[in-house]
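This document opens with one chain alone, in structure tokens, the form predicted alone.
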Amino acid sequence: MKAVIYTKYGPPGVLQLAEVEKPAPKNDEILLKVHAAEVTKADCEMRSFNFQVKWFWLPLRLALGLFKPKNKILGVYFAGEVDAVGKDVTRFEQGEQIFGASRLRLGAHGEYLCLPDSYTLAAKPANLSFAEAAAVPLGGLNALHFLRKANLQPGEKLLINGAGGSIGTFGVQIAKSMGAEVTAVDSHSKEELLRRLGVDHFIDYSKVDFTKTGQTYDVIFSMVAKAPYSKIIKVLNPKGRYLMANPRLSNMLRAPLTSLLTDKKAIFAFAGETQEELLALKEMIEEGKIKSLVDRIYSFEQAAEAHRRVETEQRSGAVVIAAQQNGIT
């Protein structure tokens, strides 16, 4: 089968298209024909071994490969079709269209992928293409996880820092469906997109520091690792919640003290990406409460270009990769 592989860490140019062995499902696994998969910031960080949160360096180096990558095929979030099932599989049948996450198995940037049927997988939303469905799990699962952790209530004021990314755009939509008043913080190039998604207020971070506007919020949801912790805590209302999707180690250490010594909470619990959450997203999509956003679709041959697109932070929605572009949109 064809797959985008990398055999050493480095810039996008280390990616190459290769023929690799097609996997065969074990008794409890399904074999998926991958129609589309998202290219994420995490894929780029693993490829380059350059992570925003530096304290992850040693454990990740040991897990991913000390001198070269152990798993040569990147990709976690995908949509595809069940090609075959192991004899013990009961959840899925051959021919079903599904979407989901491969967790640390990775491998979604290949034509075929084997996963246990216990993984976070569900029938593809009927109103989405494969490309649109592949763009859902990363942003949707993380946004839903954190907003549930915040126990967001109708009428509450929510600020999303880094609102134009995969998690942020789903966060905007889910928060609006919950009845929140949403302020989005991002670059000017993302304003039009975020306005279309329904944000009530927009702040261009290159011109305005949201911690100095005099506005306060019930919930602040941040994807920005370098966000100023103390300043953010100060602009939370009483009983406010600070959600950190990309925390630095120092902020993780400060969070329990904030929750213990003040009436505010700082939360960094990582998303479990559960089956129930994926099904909840599917229902919201099919009911028209939220939608998937695809920026561009690239072929396997254009994998390096797709990675560069993600790294520029200029995308408006998810960047998707596919073995064959025809028929997935």
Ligand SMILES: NC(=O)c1ccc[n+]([C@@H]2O[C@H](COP(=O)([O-])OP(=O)(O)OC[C@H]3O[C@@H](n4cnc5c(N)ncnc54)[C@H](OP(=O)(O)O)[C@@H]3O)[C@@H](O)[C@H]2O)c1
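Residue positions are given as counts along the sequence shown, with the first one as 1. Worth saying up front: this structure is predicted, and the values here are computed from it rather than measured.
Keep in mind that the form predicted in complex with this ligand is not shown, yet the notes after this line are about it.
Inset, instruction - Mark V185 yes when one of its heavy atoms lies within 4.5 Å of a heavy atom of this ligand in the predicted bound form, and no otherwise. - result: Contact check for V185: yes, within 4.5 Å of this ligand in the predicted bound form.
Legend entry - Distance check, A63 to this ligand in the predicted bound form, heavy atom within 4.5 Å: Contact check for A63: no, nothing within 4.5 Å of this ligand in the predicted bound form.
Legend entry - 4.5 angstroms heavy atom contact with this ligand in the predicted bound form for G240: Looking in the predicted bound form, residue contacts with this ligand do not include G240, since no heavy atom lies within 4.5 Å.
Inset, instruction - Indicate whether K212 is a 4.5 Å heavy atom neighbour of this ligand in the predicted bound form. - result: No - in the predicted bound form, heavy atoms of K212 and this ligand never come within 4.5 Å of each other.
Inset, instruction - Check, residue by residue, if H35, L106 and S299 all come within 4.5 Å of this ligand in the predicted bound form, counting heavy atoms only. - result: No, none of the three is in contact.
Inset, instruction - Counting non-hydrogen atoms within 4.5 angstroms of this ligand in the predicted bound form, say which of V219, L74, A79, M223 makes the cut. - result: Of the listed residues, the single hit is M223.
Legend entry - in the predicted bound form, the residue from N246, Q97, S259, S129 that sits within 4.5 Å of this ligand by heavy atoms: Checking each option against this ligand in the predicted bound form, the one that comes within 4.5 Å is N246.
Inset, instruction - Among 121 to 129, 229 to 237, 88 to 96, 160 to 168, mark the stretch whose residues have heavy atoms within 4.5 Å of this ligand in the predicted bound form. - result: Of the stretches listed, the one contacting the partner is 160 to 168.
Inset, instruction - Can you tell me which bits of 115 to 152 touch this ligand in the predicted bound form, meaning any heavy atom within 4.5 Å? - result: Read in sequence order, the residues that approach this ligand (within 4.5 Å, in the predicted bound form) are L138, N142, F146.
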